[in-house]
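Two separate entries follow, structure 1 and structure 2, each one form of the same protein chain as structure tokens.
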Structure 1
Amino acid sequence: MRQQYKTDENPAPQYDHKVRMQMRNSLTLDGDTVHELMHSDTPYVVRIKMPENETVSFNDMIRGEVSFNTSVVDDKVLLKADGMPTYHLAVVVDDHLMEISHAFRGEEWLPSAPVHILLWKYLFGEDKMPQWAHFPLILGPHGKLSKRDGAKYGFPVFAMNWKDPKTGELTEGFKEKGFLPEAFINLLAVLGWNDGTEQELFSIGEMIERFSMDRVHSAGAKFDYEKARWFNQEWIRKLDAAALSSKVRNVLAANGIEVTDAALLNKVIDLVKDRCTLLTDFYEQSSYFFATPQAVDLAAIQPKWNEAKTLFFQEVIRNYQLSAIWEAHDLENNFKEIAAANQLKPGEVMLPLRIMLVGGKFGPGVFDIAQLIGKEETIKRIENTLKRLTAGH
């Protein structure tokens, strides 16, 4: 058919009113032949017969009045030869049976709207039809956002891990990447909608209260992964430790760290959450509170290390061993007093202390870290690093 009826005016013929009477179907065959074929297991499909040159109109909640001329719509297959319904038939029947009042879908289904409206009219009556809204597409760097964009540019496109049933390929989801549900829902809501203010962070309650269809844009919204990360970072800061604790505990457990002290975990979360963009960042930013770092960045200490600093830290160890009070403020004062007595600037020895306790040049206040990991662990980590430094390792 596509070859036989191809013309300059119609380079891509479709099964519609122009060609249906030249095709082998129930309109061109006599009734007896149709009956015989249908009862002799001859494969066939069921199509909708689109009327010629009629206007089908409906009100879209986003786009207003939308009209189609039926002459440009083909006779869509409704029931395939294997007996399975296509989307066109299934969605109408499904919505009818579930008594759907509002049908929201992507704008890629807008060209199919006249088919669905006529199916409602033919099967159940237009008065039973739901209200329609065709949302704008989420756009990637080059057109509609796709799985390929995620693979190419390194960001998720699915809410959770998705495994391709054909290839077995696993695609990482937003959940596994370390996004909070609150942030994920928030970023989706403001892709193509705003409440008319400059506010960007919305709780679910606020979105329910302020959402209105008249603020939904009809143009596509471009997805920005860095902006998505910003949403997640802001929500991590916004939520308290109790709301984050189970998720952070899972991140640590996935990396081999089992947390048994809930109170300590909450204190750690409050201390480091401003440094985390994704939930997965909590491992690097907080693991050293629960386990002695396996690697210590000695290379950041050794170039400026000398005997005076060795003696200084040995004195710090003795002082801390005798300390009856283990509070960050007192630990810092003692540290600075010993530095002054040894004619060292605090800045010269603060970085080595941080690396001794954390393993690297990162983390919150170093004396806050010492307070939380405790006297015994603090002294042990300083001693271990001193041994490695003096041994030349």
Structure 2
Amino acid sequence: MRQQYKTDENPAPQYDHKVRMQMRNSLTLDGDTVHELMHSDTPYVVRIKMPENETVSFNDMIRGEVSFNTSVVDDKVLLKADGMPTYHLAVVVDDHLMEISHAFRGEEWLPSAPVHILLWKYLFGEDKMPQWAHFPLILGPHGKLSKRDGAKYGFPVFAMNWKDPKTGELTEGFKEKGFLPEAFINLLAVLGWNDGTEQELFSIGEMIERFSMDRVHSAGAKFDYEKARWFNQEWIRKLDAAALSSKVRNVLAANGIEVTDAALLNKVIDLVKDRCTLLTDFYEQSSYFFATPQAVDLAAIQPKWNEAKTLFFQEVIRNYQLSAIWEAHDLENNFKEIAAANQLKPGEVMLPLRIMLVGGKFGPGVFDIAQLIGKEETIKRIENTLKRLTAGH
């Protein structure tokens, strides 16, 4: 039938009052035939018969009054030929049985609202009908965010990893990407809602307290991954080391670093968390606290290396070997004194020290790092790098 009525003007013909009397159904067949057909093996479906020219209107909590003319909504199938109900019948019955007071769903359901409302009236009367709200859609770069598109936008669309049962294709979720649940919920909540103030960061408790339906937008919101990352960064900063530790531990473990010292881990987290946007960033931001860096950016210091610096670092090693207390502040003072004594500006040797300890040009204060990795490891890293720097000379 679809084919028969399909035209260029109307690519999606409806089964409605205009065509139903031309179809072979219980309306056009006589009672006996219908009865006979139903009791033989002839497959059939049950449809809702939409009234011909009535207006169905309802009050949507987000959009206000919404109305449809029943002439343009089709006779939806309620019971399929295999005996299973369609969603349209199922939601209405289910919501009724569960005594649902508020039916909130996405805007993509708005066009089928008249079917559900009429069905509800026919089946259960109007008094216990839930209040309706159709939330704005979350849009991707090209329309509604959908499963099918998977990771093609370059950002996750699922809360957690999702494996397509048909193709076996794995789509990385927000969780695995390194998002905190606090951040994920927060960023979703403010996509289409705000509390009227300038606040954007909300804990779950605050959201429960502040959320109100009349501040929900009716227009769809395009998802901005950069802003999503910002929310996560803010939440990493907001949470303390204790709240972060088990997640960071997992990130490190996934990269082959088993943390045995919980106190050390917490100190490291406090030191580097300002530099992390995703939880996964904790690996590169903190691996050098737990393992000697493999890749050392010698190129950053080699060109300006000279004999004086070699002598300087050898003196630093001697000095550090003798120091009884191992505390960032003292290490820094000693380092600077030795530099002055060698006619070197601190700036000339600070970066080399960082490269030696960290491997690259990043990370928190270099003496804080030295303090945490300890005397033995600090000296070892300086010695090793020194060897490589002077190997050619």
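These figures come from a predicted structure and were not determined experimentally. Rigid core here is just the name for the largest C-alpha set that superposes within 1.5 Å across the two forms. Every residue number counts along structure 1's sequence, beginning with 1.
**Student:** Out of structure 1 and structure 2, where do we see the form predicted alone?
**Tutor:** Comparing the pair, one sees that structure 1 is the form predicted alone and the remaining one is not.
**Student:** Could you check whether the CA atom of Gly374 moves 2 Å or more between the two structures, using the rigid core for the fit?
**Tutor:** Superposed on the core, Gly374 moves its C-alpha less than 2 Å between the two structures.
**Student:** My question is whether Trp193 is one of the residues whose C-alpha shifts by 2 Å or more between the two structures, given a fit on the rigid core.
**Tutor:** Shift of 2 Å or more: no.
**Student:** For Arg237, is the C-alpha shift between the two structures 2 Å or more after core superposition?
**Tutor:** Shift of 2 Å or more: no.
**Student:** After lining up the core, report the Cα displacement of Pro13 between the two structures in Å, one decimal place.
**Tutor:** So the C-alpha of Pro13 has moved 2.4 Å between the two structures.
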